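Laid out below as structure tokens are two forms of one and the same protein chain, each shown alone and named structure 1 and structure 2.
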Structure 1
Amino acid sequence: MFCEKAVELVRELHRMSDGQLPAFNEDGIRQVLEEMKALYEQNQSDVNEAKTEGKSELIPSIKFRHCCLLRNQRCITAYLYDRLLRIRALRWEYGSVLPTTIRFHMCAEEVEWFNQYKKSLASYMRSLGGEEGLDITQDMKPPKSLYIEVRCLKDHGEFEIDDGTVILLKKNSQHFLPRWKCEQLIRQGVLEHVIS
């Protein structure tokens, strides 16, 4: 049946929760594009036949195939646009470095789009707030306190805070740090907020 694979692409994204990115369905996209090509070629053939031989009985089938083409186009556009919105949200959630498990689910064009978005956002943040810029990805929720207790989930190495203090972030070590300095590391999975 026409348009089934295109609708399945949209359903696939709908089944996933908002924070997740399913693997890019290259095979599904290819199948939909092949169906669209076949529909277009059949329509071209029938249009030429209807014009030259005056067969008006072909017009309803031409219109039907054209509607199927438009539906497939809308479904593919919705699939790709929803994936871009999810990737954009991941930039705000994880920062400029995405975990490899998420990058694995992206196609090359999506990785390129993510890198361009990351550069645009960084350029915008540098233009705000004077010399150093303003990191608008920090404090997505208003903090209750300026310092938080964190536990290191994996070895990260040295970490310098604003007063020049260097802290060694080793696995299972706990520290009392400024929230805004460690929020990015929490999103990346290096630190976890210890709630006591």
Structure 2
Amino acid sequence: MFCEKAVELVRELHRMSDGQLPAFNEDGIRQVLEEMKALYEQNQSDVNEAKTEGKSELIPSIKFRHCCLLRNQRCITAYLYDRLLRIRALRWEYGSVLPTTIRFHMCAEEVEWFNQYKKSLASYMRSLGGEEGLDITQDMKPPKSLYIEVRCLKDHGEFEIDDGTVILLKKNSQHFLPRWKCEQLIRQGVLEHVIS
């Protein structure tokens, strides 16, 4: 049956419904495109035959293949579009620098798209809130206090806060830091928010 490969691509994304980005299935896409090419060529020759020799009995088959072409197109576009949604979400979860393992899962065009998205978002955030701009990826939950207690979950190296003090983020050490400075690190799983 046609279109099995295309649905397999969609299933692959559907299985990871929490928004993780699986590796770009270049091979799968290629196979679907090949199938579409074969369908298209077969349809072309059938259409010509139907026109020149008036063979109207070919029409059901032409329609059949046409439906398969449309189906393949739908599956591929849905696959690519859903991946873009996931990549966009990564910008909000990980910040502007992605871990290499995840970047490894993107194809060249997706990396390009991610960079463009980063730029658009950054220039939008610069345009907000007067001179300095406003980071809208901060304070996703309304803050109760400006400083919070955090514990390091892994060695992260040196970290500079607003007043110029440099602190060493060492595993299991605890610090009292400005909330906006560590929100991103908490989201990335480097720090843990401690509530006493």
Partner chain sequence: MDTRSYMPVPPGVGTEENVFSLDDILLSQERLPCRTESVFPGLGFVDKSSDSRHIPEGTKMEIPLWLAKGLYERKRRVISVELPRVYREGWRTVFGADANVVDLHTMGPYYYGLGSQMLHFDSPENSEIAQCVLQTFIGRFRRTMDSSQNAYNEDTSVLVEKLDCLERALFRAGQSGLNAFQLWEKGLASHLTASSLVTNYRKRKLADLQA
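This one's a predicted model, so the numbers in the text were calculated from it and none came from an experiment. Residues are numbered by position in structure 1's sequence, first residue being 1. By rigid core we mean the largest C-alpha set that fits within 1.5 Å across both forms.
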Completion exercise
Structure holding the form predicted together with its partner chain is number 2
Exercise for the section: Would you say whether I186 is displaced between the two structures, judging by a C-alpha shift of 2 Å or more on the superposed rigid core? Expected result: yes
Exercise for the section: Return yes or no for A38: a CA shift of at least 2 Å between the two structures, with the rigid core superposed? Expected result: no
Exercise for the section: Using a rigid core alignment, state whether the CA of V150 is displaced by 2 Å or more between the two structures. Expected result: yes
Practice task
Report, in Å with one decimal, the C-alpha displacement of N172 between the two structures after core superposition.
Solution key: 4.7
